[in-house]
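In structure tokens, the next block holds one chain alone, the form predicted alone.
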Amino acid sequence: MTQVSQPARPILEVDDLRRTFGGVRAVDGASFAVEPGRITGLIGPNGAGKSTVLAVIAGSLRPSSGSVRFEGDELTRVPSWLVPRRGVVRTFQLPSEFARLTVLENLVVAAPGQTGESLRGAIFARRRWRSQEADIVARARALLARFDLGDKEDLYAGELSGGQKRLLEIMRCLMVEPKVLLLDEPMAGVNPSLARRIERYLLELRDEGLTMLLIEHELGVVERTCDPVIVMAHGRVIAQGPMSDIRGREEVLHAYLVG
């Protein structure tokens, strides 16, 4: 008997999510699912609630109601500092590098669970700490080489260009070894050639199995990298599907033209 393969279960599920600020409904009943091993686009006009949704998923904001499930488990009750350790990590609209640390140090400090972070570990497990630190530095240098920033490791992070800071933030997330990467406009303010490089890196990471949820205003980037695409307006999901299907829908055009 021929076995029928079952569709993959969503790795991330957002159900009837709501978040209000005073009397303003930033997110108003948004529901969608993110399939594993894909780049899912999250688009919509300014004020649609996209970044608020990302903040709730990442744990930096609590929802007013609704749920976020990661690998079937409720995520909204997990403390924000534990969410990355569960495997969900985000970038921000504005880069958040440690400007007075070197590029390499920015990556090293992002690695979780370092023995030397505790006084007991630093004193009583020095050999283990040094071995672990060497492994972390090696991982960081491998990422720098992969993202063509190997010659920048000794620069202060504050001296990088805007696009290089975007790459640094993505690399810092990768140091955590995420299962889901939440990207908030990673191409914003980046020159076109570096933006295309970032596109290529994201597609490579997808092909290696990393799941991503990407907010991006440049629809050409979304069409080249994302499948499916979720469209939000006024805090709600108004369309989902391939970019080729949704770009001509009346409700989507209305949202972008009217806001």
Ligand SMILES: Nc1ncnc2c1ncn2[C@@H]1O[C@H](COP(=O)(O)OP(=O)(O)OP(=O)(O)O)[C@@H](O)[C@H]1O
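Counting begins at 1, following the sequence as shown. Keep in mind that what you see is a predicted model, and the values were worked out from it rather than measured.
What follows is about the form predicted together with the named molecule, which we do not show.
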*Please check if residue 193 has a heavy atom lying within 4.5 Å of any heavy atom of the named molecule in the predicted complex.*
no
*Determine whether any heavy atom of residue 41 comes within 4.5 Å of a heavy atom of the named molecule in the predicted complex, and answer yes or no.*
no
_the named molecule contact in the predicted complex: residue 169, any heavy atom under 4.5 Å_ = no
_residue 214: touches the named molecule in the predicted complex, heavy atom cutoff 4.5 angstroms_ = no
*202-210, 221-229, 32-40, 45-53: which one contacts the named molecule in the predicted complex at 4.5 Å, heavy atom to heavy atom?*
45-53
_21, 26 and 93 all contacting the named molecule in the predicted complex, non-hydrogen atom within 4.5 Å_ = yes
